[in-house]
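Presented as structure tokens, the chain that follows is alone, the form predicted alone.
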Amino acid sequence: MKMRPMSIVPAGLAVIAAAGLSSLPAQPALGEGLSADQAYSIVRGGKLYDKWFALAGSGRPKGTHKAWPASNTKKKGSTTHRCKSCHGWDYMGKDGAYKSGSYQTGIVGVRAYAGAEPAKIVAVLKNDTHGLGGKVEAADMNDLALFVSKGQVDMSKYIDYATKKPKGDIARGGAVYATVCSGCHGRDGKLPKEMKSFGKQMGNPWEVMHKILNGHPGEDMPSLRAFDTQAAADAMVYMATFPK
């Protein structure tokens, strides 16, 4: 799907004036301390975690992943090959948002690998369980490993798991959305037309946060990793007010 630019209307400017860009919280950005190449790799790795076969040259995998548990009959085919399908948008697997629902697998997340050596993670990706060896180029494998090591976010700090509501400031979120997001997604989050509206997407805030921070595979969607994570959560508080 193509992102269609849309001009920010005066209503967006009113939000900015009310919030004041200087009031955005001065917290470290996720890319702080990283080189430009590392930041690029982490963002690309986040997209690969989402749907690696949308970016890798091997194409869409056929059949259900051999490690997908037989107890889950609600998902099959290429969906079961996505990292997020087993380990969750919040990277917590069975201990997070996927402890129940259509993606319930009983599989652990990847939080234990936060901070691990990327080479160790690459070895896991290539093992018999994951089977990505030969399907993903070495550069993509390294990007995915760097994301798992240095790109994970503790989403419990920004999303209330009981209510699925993001935690943040709606005025600051309005400023972020109006200046960064609305050009492609419109003032009410309904663009592009091929995309499910943000009002509906906020039913899965963990997916929304992952995509805000890393972009969407195969699309020219910018990553907000240059901002602090709270800016993404603030934007989500604002987006949660959009009509469904």
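None of the values given here were measured: they were computed from a predicted structure. In this text, residue numbers run from 1 along the sequence as written.
Keep in mind the form predicted in complex with a small molecule is missing from the figure; the text below concerns it.
* Asked: At the 4.5 Å heavy atom threshold, is Ala39 in contact with the small molecule in the predicted bound form?
  -> Taking the distances in the predicted bound form, the answer for Ala39 is no, it never comes within 4.5 Å of the small molecule.
* Answer yes if any heavy atom of Ala139 is within 4.5 Å of a heavy atom of the small molecule in the predicted bound form; otherwise answer no. => Contact check for Ala139: no, nothing within 4.5 Å of the small molecule in the predicted bound form.
* Would you check, heavy atoms only and a 4.5 Å threshold, whether Gly199 touches the small molecule in the predicted bound form? => Although the small molecule is absent here, Gly199 would stay clear of it in the predicted bound form, with no heavy atoms inside 4.5 Å.
* Given that the partner is absent here, does Ala112 sit within 4.5 Å of the small molecule in the predicted bound form, heavy atoms only? -> Although the small molecule is absent here, Ala112 would touch it in the predicted bound form, with heavy atoms inside 4.5 Å.
* Contact test, all of Cys83, His87 and His130, partner the small molecule in the predicted bound form, heavy atom 4.5 Å -> Heavy-atom distance to the small molecule in the predicted bound form: all three under 4.5 Å.
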